[in-house]
Structure formats: structure tokens, C-alpha cells
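As C-alpha cells, one chain now follows by itself in the form predicted alone.
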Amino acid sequence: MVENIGMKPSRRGFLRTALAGGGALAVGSTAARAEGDPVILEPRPWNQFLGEGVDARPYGFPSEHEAHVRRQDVPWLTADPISSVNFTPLHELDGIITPNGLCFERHHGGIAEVDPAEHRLMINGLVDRQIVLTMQDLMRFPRENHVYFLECAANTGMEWAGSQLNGCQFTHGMIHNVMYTGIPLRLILAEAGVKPSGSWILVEGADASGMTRSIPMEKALDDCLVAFKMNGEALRPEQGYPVRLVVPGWEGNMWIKWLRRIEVGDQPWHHREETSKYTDLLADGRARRFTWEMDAKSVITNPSPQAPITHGPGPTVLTGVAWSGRGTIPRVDVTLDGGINWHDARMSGPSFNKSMHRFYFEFNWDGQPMLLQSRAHDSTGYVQPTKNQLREIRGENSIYHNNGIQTWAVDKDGRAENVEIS
């Protein structure tokens, strides 16, 4: 690395560099010059013809020039798309809110198309009175709004044994971050009246897979929501319409979609999704269970394999996201040389509990190869570990809860690859 590659310039110094040479960003930049550039000098079609009227697009869609920004699957990951996953294009997004149409999907029996008029939510088991609620009934409960991330426990799971998938969409894209509108679960449980012996709940979905998960009562009464809207509009069918459970900070498999039943009991049920699945297999063959919380994690989204540096050497903006299931992210470190030197990233945007956080790092790239990493610190003092630190404790048999530091190798042409370094 040459001198100053990792130095964080002042705003004044950055602008001075950017504006050197009569307003151009820098030598080698692709910024257009006014002189002789037909794109700026000649009229374009949109300057000369009237566009569509206000009712031409009654539900708005992105520009056709953004058609490449979409969820994508990896066909060989699963045997059938009915029980599979696709991935959020993290490298195409900024800020912290995931648009509804780009939130990753994970299904176990395909998308359930539920008629809200025929949907019911039953509360049974160790309660004073068993109740069945319609959607109209649910709309009469007090509601709250919260921004939370939802991350699949298998996010980055393919990377346990080494670098596998080339793109942060595929390594880290089983996550989204939205504003949920919903009813505190404790209010619904109070309506039924939980008996003193009720220490667990079993939540069940209405889809063909009959998804169930056990959740301790402490969590149910703390911050769980029965949500019916995300980012202000109704849940999408693939996100659990008309109603789903929100379990902030805990693995996504517990966020039961198409929620139809909540049973109160005095012990966990040990169903399939919490025994043979969603437990962490250790090197000696034993499995960790009840590892619900998602540990602090981060990833650089740009530059990355799907978002190479195309402007050449000069002022460069690095950005990414960080999150923790235990609180907020007050700090993210970034390195350009594989961990030899670390620098404080600039945190930008709101800092919500159990939500994504956006970070940036501006620097002058000299065109030499780089090894990019980010390292999250959460509000409990936890620091994101390396993959080798995780393997020392848990081996390489696991699929779930991989929050190790990710490395992108950027070559002299700005192309990035998924690599590991020791």
C-alpha cells in the first residue's frame, strides 16, 4: 500500500482534490466534460416530448433503467424453489430501509395467498380463555411502529468452510430492514389471560408447511409484534400477508408468517425447525440449541464483487451496513489492507435498536490492490469476530449464525472477489 491510501481526508481537502482541474472530479475520472459532450449539449428525447399522466402508473414502480435491481436466487442451493430462498440486493441499496419489493424471501411451502376476510388468529393452551381473532378484531388493538432487521440464521452460512459465493447479495443478502406496524404481542396474550404456568408459546403459520417455533414467554412479553404492515403498506404475500410475527433481534425462522395460532405451554415443543434444523452443529457432533439472538455483523456493500470500482483512481466512497440483535451499532471499523490498519467509519442515519446502521468511509484510492473488511461494535461492547475465531469455537460443521468478518479483494482494475485471509 502506498502512503495516504487509508488516510481519511478532511471535507475541505476532499473537495479540493475533487475539484482540481476546473471542476472535474480527478484525473482518470469518468465525469463528463461540458466541452464537446453531446449528452449535455444536444436535446434528449425526454426534453422534447410530454410524458405519461398522473394515473398512468397507479402503483409506482422503479425506472426501467433500474430493472437489474432485484431479488435473486441461487438455484443449486435447494432442491426446489417452493422451499428455498432469494436474496436482497444489498449492493444496490443505500440508507437503512429495504424497499418492500426487494426484501429477501424464505419459504418452506411456497407463498400462501391468504384471504384476510377468512384469516383467523387463535390463542389457546394455558390461557384463561381461548380466543379466535379476525383481522377486524386485530385492528382494534393499540399498535406501534418500529424499525427492525430480519436476518435468516443461515445468512452467510455457505461461507463456513471458505469463500463460496461471489457477491454480498449472495453472501449476506438473507436480510432486510423495514418499519413494521403491529400490535405488541403482550396485549393479545393479555386478552386471553396467560396462566401462571405458561412459560412458552408455540407460534404456527397458515401456509402449507405448517411452520412452528417455540418462543420463551419472556421474549413474547418483551418486544414481539403481531405485524400487518411494513414500510407503511400492507405486508406483501411473500412476507406473510395479512399478518406475521416480529421477533426483534432473533433469527428469521422464528418470525412466523401468515400467523394463525399461538399456543401457550409450560415447555418448548422441540419441533423440526428447532431440533434437526436451526441448531448449530459443533465439531464434536453435538449441537447448540436455543441460539436465537443474531450477533453483531457487518458487510461492505460497495465496493464488492457486484459493485466494482469503475471510476478509476481518486476519491472513492466505501459504504456498508451493520446490525446487532442485542442493540445498536455505535461504531464500525474498516480496513483497506486486510487488517493491518483500521479506521473509524462514518456512521450516517438513524440508530435504532436491533436495526441496520449505515456506514461510510471516504478515501483516495491510488489504483493499487486492496483487501477490504468491516468490523462492527455493538452497544453491549461485543466486537464482530473473524471467521477463524468462530471456527476455533464451533468448527466448520455449522450452517447458522456465521457473523464473521467478510473480506473483498479489490484488484488494480477495481474488480472485487470474495476471499479469505489469515
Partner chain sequence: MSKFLKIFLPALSATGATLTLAYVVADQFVVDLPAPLRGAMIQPAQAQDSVEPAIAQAETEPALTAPTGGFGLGRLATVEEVAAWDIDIRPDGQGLPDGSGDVWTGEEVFVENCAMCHGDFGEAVGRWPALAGGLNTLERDDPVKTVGSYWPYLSTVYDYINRAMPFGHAQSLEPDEIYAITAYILYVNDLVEDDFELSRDNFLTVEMPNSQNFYLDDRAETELPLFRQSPCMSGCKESVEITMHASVLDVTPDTDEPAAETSESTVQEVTAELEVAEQEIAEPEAITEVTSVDPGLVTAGEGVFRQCSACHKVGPGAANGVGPHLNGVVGRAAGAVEGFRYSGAISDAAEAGLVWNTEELSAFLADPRGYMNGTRMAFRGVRSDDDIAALIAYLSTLAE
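Remember, it's a predicted structure, so these values are computed and weren't measured experimentally. Positions refer to the first chain, counted from 1.
What comes next is about the form predicted together with its partner chain, which does not appear here.
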_Whether N253 contacts its partner chain in the predicted bound form should be assessed with a 4.5 Å heavy atom distance threshold; does it?_
no
*Is K219 close to its partner chain in the predicted bound form, meaning a heavy atom pair under 4.5 Å apart or at it?*
no
*Is the gap between I215 and its partner chain in the predicted bound form 4.5 Å or less for some heavy atom pair?*
no
*May I ask you to state whether Q368 is within 4.5 Å of its partner chain in the predicted bound form, using heavy atom distances?*
no
_Heavy atom contacts to its partner chain in the predicted bound form at 4.5 Å, residues of 285-300 in sequence order_ = G285, R286, A287, R288, R289, F290, T291, W292, E293, D295
